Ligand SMILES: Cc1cc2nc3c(=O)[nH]c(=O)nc-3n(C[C@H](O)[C@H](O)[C@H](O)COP(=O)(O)OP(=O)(O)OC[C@H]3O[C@@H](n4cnc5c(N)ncnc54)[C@H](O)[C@@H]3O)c2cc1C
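In structure tokens, the next block holds one chain alone, the form predicted on its own.
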């Protein structure tokens, strides 16, 4: 490239950057209007609803996917002269897209680097993988058509191409839910091993003159090695491997099932874990850690599991509390060990990775509505504590917190009673409160949870439409200080709303945080869409009980 061309590109980029910054200055007064318009017409409505093998896809996600696929197809088909050119270009494009798949050893760590949620990182990983496989298939079939008379698998490059194609096909086959759900830990390790085999076979397949393709392979190896070293360094630092205080230790016990519970029903219980840390750490609400407990079972040395941290403090913490519903694998093993322990609790040496996850900005919302199902309570408790502490210290704008918890039985609520009670005890600023709970029980005996009158227990399923409508209208008569008039007085005094300027409902900034099964999340999103102009927003917590 000539020096004049370089100068023209740099000069043009500077001019475009200045124009873009100036455009942002003019657009900024309209950012709320644009955000509501984009949310109402692009990011909230679905084109394809949730199904067993695909979805849900919003208008925004479909548009972005189409742009992504169209750009790849344009690069693939622009100014090509033969099938052989298409095949070779498809192979290079497949490798370029595949660089993202090898950037980090774990998606949690990659999500932290990019500053996005784990769910979003998984979606990007999945989309990138599918386009890479699609381009790889074009490359393979194009080569078979163009070189069908001269292709021989006795040559080493072609043999490694066959190995790479077989590894990619096996990866695609094992990604179907029927195989993935049989043994997820085995699937994950096999998936990683096949990916490594694929990359090695591609490297051996490429001729020396394919510099761009080789650079992509080297970029994969270099990025993976760099992030792996960074993750190892973080692991060593977090676990204090070279400190005299020893390793982290997990103290495990079962939740307490009350005597008035219905023993004829399957009563849910929980595992309560406290991880003592050799090195205190500072974490924010909504974050999680990965636990590695190699001595729990025979195969536990090969497993790491993510768990939400329910404890939160403005200071560094020397221990982390976890609330876990036993399912399969490690959580079931921990429950059995704690249940059989003669003293009611048991401890194991453990190691952690993290902290992972992004914390949602919640302090600017006047009302926070948390809709959770079953073990989703673990993703909500740290947010509730942060909001209460912020209200007590005048660092938060929140004036009402409503936790709606749907359960199969009240056993899980009884196991979490100590954590809910501690939140309610802390929420007593100025002889009032901002935190209230509503628990809905699908089956089993209904009884009061805790020794307070700050919540309600109902039989049946929550009506999310009615709950959200009531919160938007300010219809919460059971609150001691948060009548609608008091709410308006407090928010106007804080400079949040101006009814004459903003119009009806514009001051009621409300955030709906959800940790629900997929179809319920979709339902809540469609409800929130109707209240976007009233200042209502929705966000998904890091843990979803799917």
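These figures come from a predicted structure and were not determined experimentally. Positions refer to the first chain, counted from 1.
Although not depicted, the form predicted together with this ligand is the subject of the following passage.
- Although the chain is displayed without it, this ligand can be placed by superposition from its pose in the model of the complex; doing so yields three or more atoms within 2.4 Å of backbone or C-beta atoms, and the site is blocked.
- In the model of the complex, residue 340 stays away from this ligand, with no heavy atom inside 4.5 Å.
- Among heavy atoms of residue 370, none comes within 4.5 Å of this ligand in the model of the complex.
- Residue 140 falls outside the set of residues with a heavy atom inside 4.5 Å of this ligand in the model of the complex.
- Remark: residue 239 does not count among the residues lining this ligand in the model of the complex, judged by a heavy atom distance of 4.5 Å or less.
- Stretch-level contact check against this ligand in the model of the complex with heavy atoms at 4.5 Å: of 416 to 424, 128 to 136, 115 to 123, 392 to 400, the positive one is 115 to 123.
- Of the listed positions (282, 327, 148, 245), a single one reaches within 4.5 angstroms of this ligand by any non-hydrogen atom in the model of the complex, namely 327.
- When you look in the model of the complex, the only residue of 462, 165, 354, 306 with a non-hydrogen atom within 4.5 Å of this ligand is 306.
- Residues from 162 to 196 that approach this ligand in the model of the complex with a non-hydrogen atom closer than or equal to 4.5 Å are 180, 181, 184, 185, in the order they occur in the chain.
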